[in-house]
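A single chain, nothing else alongside it, follows as structure tokens in the form predicted alone.
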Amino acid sequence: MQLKTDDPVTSSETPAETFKRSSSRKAGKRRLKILLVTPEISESVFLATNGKQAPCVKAGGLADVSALLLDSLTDAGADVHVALPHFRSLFEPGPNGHSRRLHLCKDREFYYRKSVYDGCSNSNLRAAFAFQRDVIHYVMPRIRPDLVHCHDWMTGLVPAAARSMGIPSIFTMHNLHDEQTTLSHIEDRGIDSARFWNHLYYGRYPHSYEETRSHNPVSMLGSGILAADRMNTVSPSFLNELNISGHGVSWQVADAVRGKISAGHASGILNSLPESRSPRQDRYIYRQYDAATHIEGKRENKIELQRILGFDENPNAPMFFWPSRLDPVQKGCQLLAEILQQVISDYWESGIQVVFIADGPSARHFDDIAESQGLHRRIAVRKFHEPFSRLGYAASDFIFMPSSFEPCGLAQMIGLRYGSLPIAHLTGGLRDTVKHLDSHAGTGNGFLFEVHNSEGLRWAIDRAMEFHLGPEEEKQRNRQRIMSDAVNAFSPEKMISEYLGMYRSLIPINA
């Protein structure tokens, strides 16, 4: 589709400005219609208009980015629709139902879920098939989008189906997780893959449909990347790392990414945060604050969290916060487990406290450390709860981000806005957002370690404690600078402008 406008494009316009002008509603013309296909989304302003209920189905940063894309693209003038599994036990419609923009894909597989992703791989595959079946056979034919934007492996078949329908598509890779299946399994779940099978990525070269159908594994993530017109990762450094090392992904995924890079059809677009995600506007924290008032604000929030957790109420105690899932495969929590008792012992006199507000397989292990060593007044492990997590950011001095790999990460960006400085491994999106702090020179914003082991993490913790125990005026000056810089550094304008530029490369807005 080509949207025409009477006004010429000026060289000074950003992609967002051109998009908003060209997509505006005029007599006899319609707005660009975009379909976002995502397994999760956080609360959206536009889905909640006119008394409608905005669903919040969140497992990670993908949910926040999906909502930010929806709201920002709609604000830029597009007619944005969202296809989402109908997790009916996770959200309920309000008295006025849901927005016309929201297309809930219904299947029993979603109805009784307590989280977006099940612990069982087969269950997640069944959910992915049910979701994509509805998108491919009902949602896309009904709304006829001008462009489809898909997110992560659970949408990996949609770009191939869109290609067979002549609809341009973009595939955004938020994580490395992949699932493999066969055409026969896909078809047994009600998806007519015969019409787009030649656009999928297989374990070996597919000589024919019949030869391939039952015994040639399909990579869901690799297929999404291969079939899409454009793909992107959620940080520039992660795309570069995939090109160089592959990060241990399957060869199908690594090969698909490198192919897109070679063709000039891959981008690294750094995730961003909505402007509302700030301690100045956060309704969940005990006391709101900004860079100028962070000393009093963080002090009061820390005392409130200490009171809730049963810690000693000490506003000067260094508080470390673990904000992401306790996953030893990616998030590096095993590195902290190896040294936690020693760190607590070495800095006991400072009053050091460590707070985990996160789910994941390693949660019990940290609870066992606290229980066995009688450290419940220094170590707390609580299940993830969004309001409680927000208080964790506001109360803490430092956050842990020792990921072995990190496509982007939002926790470090949130931490910087809230004045909680990241202790992070130098990888992926952490490389793009965290710079090692030199408090004397007034540069940097966190504490980075290069070698991914417990010794590297311990080195970074020691640097953080040196900062915490250093001159008070220097500490306050640097934290205020870091918080002020973070307000603008992670605003959504740049991210949205880059996505709109990618959309424009596939659908000429003005010719």
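Treat the numbers as computed from the prediction; the structure is a model and nothing was measured. For every residue, the number given is its place in the sequence shown, counted from 1.
Keep in mind the form predicted in complex with alpha-D-glucopyranose is missing from the figure; the text below concerns it.
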Q.
With a cut-off of 4.5 Å between heavy atoms, is residue 174 one of the residues that contacts alpha-D-glucopyranose in the predicted bound form?
A. yes
Residue 250: heavy atom within 4.5 Å of alpha-D-glucopyranose in the predicted bound form? no
- Query: Do residue 271 and alpha-D-glucopyranose come within 4.5 Å of each other in the predicted bound form, heavy atoms counted?
  - Reply: yes
request  = Answer for residue 350 alone: is it within 4.5 Å of alpha-D-glucopyranose in the predicted bound form, judged on heavy atom distances?
outcome  = no
Note: exactly one of 70, 62, 35, 483 sits with a heavy atom within 4.5 Å of alpha-D-glucopyranose in the predicted bound form, namely 62
Assert contact residue (alpha-D-glucopyranose, in the predicted bound form, non-hydrogen atom within 4.5 Å, options 148, 394, 76, 408) equals 408
Exactly one listed stretch (409 to 417, 120 to 128, 366 to 374, 217 to 225) reaches within 4.5 angstroms of alpha-D-glucopyranose in the predicted bound form by non-hydrogen atoms, and it is 409 to 417
